[in-house]
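One chain is shown next in structure tokens, namely the form predicted on its own.
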């Protein structure tokens, strides 16, 4: 069974003291709760990544960056390289988020370049995909998602499947309060899984975790996680409150127990 990932994308929220307080509370939670088959993950802003990683060190959790440069080094003011992220021990990084695509005009080709930079440092990319409301209403969801997959993974080979994570995030459900139903989300996750099977084979495709992102909350996460191809959540606003985040981890642990094969 695939590990369930509960990933909190904090976006441009929380200052230094708020980050420290959240991580300290999460650390205490992890010391007193079993999270078997579940990986809690948080993605703070760049300045506080090292502090978050330090506070959660040696605990069953991970810290991710929210983005990375497509360049290794050089005169790129404001950019942060994969080498620099690796130097503070990060193992994950989000790339291709819809907000980066929308506000910074990032293309699939650029996302692919970032993916390659991360792989050079053995940092696992969380590659985001998803359609707009207009594209969904035009019946273009599968076309859009497959096009994004083909662009981001062009000539990318995988050895095991564990070196990549995919996040399906319908743009129309991000920060809007609208959520794809569990069945709507599963339908697209199945499209992604099928593409992965055709591209990388059954074994590797069965290992890759596919997360759902789009107004995930404590009251809807269980239904999403019970779907066969949904392996966690890329969670925005609901991940900013420690009580909500821990509640979603608890739910994921319960669902993982349900999904665990009977000995």
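The model shown is predicted, which means the values in this text are computed figures rather than measured ones. Positions refer to the first chain, counted from 1.
There is another form of this protein, the form predicted together with a small molecule, and it is not shown here; the text below is about that form.
- None of 221, 235, 64, 38 but one reaches within 4.5 angstroms of the small molecule in the predicted bound form through a heavy atom, and that residue is 235.
- Note on the partner interface in the predicted bound form: the residue among 175, 139, 89, 74 having a heavy atom within 4.5 angstroms of the small molecule is 175.
- Partner contact region in the predicted bound form: 227-235, out of 194-202, 48-56, 227-235, 29-37, criterion any non-hydrogen atom within 4.5 Å of the small molecule.
- In the predicted bound form, the small molecule sits within 4.5 Å of a heavy atom of residue 216.
- Within 4.5 Å of some heavy atom of the small molecule in the predicted bound form lies at least one heavy atom of residue 11.
- By the criterion of a heavy atom within 4.5 Å, residue 99 is counted among the residues contacting the small molecule in the predicted bound form.
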